[in-house]
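Here we start with a single chain on its own, the form predicted on its own, put down as structure tokens.
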């Protein structure tokens, strides 16, 4: 997280999306959730949350996207209310304006990163002085991806996604073309349910087996950019169950695979967003410009993105 000087009564928090460079479903936990082994990577497709301190004890949210609820079911509101509760001061108030750029229901942690930005921004705005590890602990109560989104970068993620192992990654030159069909969303619970129905017989059975698999993931040098030159595929177990039921995902992967100089292609998270890796951002952006009409004809929104070494950033 990048520190910065901020106005006492106003702050902007920049919330970065994520992609999955690895997503493996290991089995079922005793709490009924899936045990996961993932590598997540922050990218510079971002939402912006403008927050203004108020004397009223209300949490107000406005957005430029009318598909988004401004009520208590929104993770931004949940995060702000939870933070007030955790610090024991329900009199704190804020007006939040959300500039939504990350597509909804896309497997990019858009809601989770907005919640993360809310916690980081309000911690500064409300002068709570909570440490990052304290914010991450609080954030686990909101969603499994929220702790990662706070500090971001490239991390190995276990458990439901909330158990983090930070990677010292100085090689972030890879560029990305990210695509999504705006006409569809994929429900994460449905994706996991479908995967369990089809592949539940392959699940590992106990914690010992989980740890063996975790150590296999740890043994890979995920910070080495050349890894993505030598790997033949990016593993995303959910892609196996989502691709057959979402023709838009199949279409996206086929188009990305056919782009010149693309290295690896994959679905992100539970989809339906898909991405291709390129040697650097300039290459990705050039290919995007040259193939823009093809994406448009296919009904796909497309972005050229860079990898980021951080999650939430604060601005004046």
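Residue numbers count along the first chain shown, from 1. These figures come from a predicted structure and were not determined experimentally.
As for the form predicted together with ligand C5P, it is not shown, yet the points below apply to it.
Candidate site formed by 33, 143 and 189: every one of these residues places a non-hydrogen atom within 4.5 angstroms of ligand C5P in the predicted complex.
Interface membership of residue 160, defined by any non-hydrogen atom within 4.5 Å of ligand C5P in the predicted complex, is confirmed.
In short, of 96-104, 204-212, 114-122, 181-189 it is 181-189 that has heavy atoms within 4.5 Å of ligand C5P in the predicted complex.
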